[in-house]
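Have a look below at one chain only, the form predicted alone, in structure tokens format.
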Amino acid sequence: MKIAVCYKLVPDEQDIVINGDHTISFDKAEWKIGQYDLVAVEAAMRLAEVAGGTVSALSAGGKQLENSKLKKNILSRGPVDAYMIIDETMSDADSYQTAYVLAKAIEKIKDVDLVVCGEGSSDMYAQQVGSQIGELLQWPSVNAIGTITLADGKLIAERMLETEVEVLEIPIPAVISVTSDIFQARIANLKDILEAGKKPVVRWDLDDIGGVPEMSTNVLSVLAPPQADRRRVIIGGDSGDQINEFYEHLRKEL
């Protein structure tokens, strides 16, 4: 089984600055691999270990992808190689552009049996890219997978719904998006990091995959919500009167 796992570089939230006009500055932010995507890598590796397959890392973005430390970071977690579509256009790409470029890259890689995505990106968290990749490839696509196993060449996935667990049998090839609690992302050891520097990295630009469509959405602004002062109302106990008092406070605020 050949698995492609998608990941995205995102700014470290600890370095994000909120300006006085509520605009957001990433100027001082270091870049890292999204935490949801690290979980997806772990899910892909576990499936590959069971099926005797290989995992390739796949990402599209700007010049941050060229960072050697981040290349080693992703490859030290198990993938045998990495494919990167690097163009500054992709730094501000919307979910459809990202899915389109990744789908074209998957077709170019060839013989991919399974695409694994995280439940959403750590920055925008739109939760759309995995489903759109499946639509573009015309493959079955299932999101919110909390448990995944292999049986008779098919994927057996479980999704936790509001009042029940849904069990799905997914034919391959397919695209799946896994939840953040499906596995705990592994921590690479020194040997893994040293070996990661020797693994192949294939770099493409947009021309190599046939370009990218125009943005399907227009972002007017991205603003942080205004800070709200805490009310500091503390109600202790669980009697009916105290619950009613708590409710009245909520009702007034809403």
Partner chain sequence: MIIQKTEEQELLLENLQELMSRVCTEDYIRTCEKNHEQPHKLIEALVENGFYMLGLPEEYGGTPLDHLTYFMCVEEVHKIMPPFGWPRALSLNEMLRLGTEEQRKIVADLVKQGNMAFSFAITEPQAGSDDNAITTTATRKNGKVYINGQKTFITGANISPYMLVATKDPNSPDPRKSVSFWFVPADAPGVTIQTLPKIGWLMLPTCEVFLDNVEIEEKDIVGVEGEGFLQLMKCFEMERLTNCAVALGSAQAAFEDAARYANQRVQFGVPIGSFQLIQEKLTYMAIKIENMRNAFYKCAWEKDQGISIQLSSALAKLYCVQSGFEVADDAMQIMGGIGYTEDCRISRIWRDVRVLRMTDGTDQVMIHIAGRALLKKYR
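What you are looking at is a predicted structure, and each value in this text was computed from that prediction instead of being measured. Numbering follows the first chain given and starts at 1.
Although not depicted, the form predicted in complex with its partner chain is the subject of the following passage.
Although the partner is absent from the chain shown here, none of L47, A51 and L58 has a heavy atom within 4.5 Å of its partner chain in the predicted bound form. Within this chain, A29 is remote from the site of its partner chain in the predicted bound form, having no heavy atom within 4.5 Å. Within 4.5 Å of any heavy atom of its partner chain in the predicted bound form lies no heavy atom of K63.
In the predicted bound form, its partner chain lies farther than 4.5 Å from every heavy atom of L206.
When contacts are judged by a 4.5 Å heavy atom cut-off, K72 counts as touching its partner chain in the predicted bound form. With contact defined as any non-hydrogen atom lying within 4.5 angstroms of its partner chain in the predicted bound form, R77 is the only contacting residue in 76-100.
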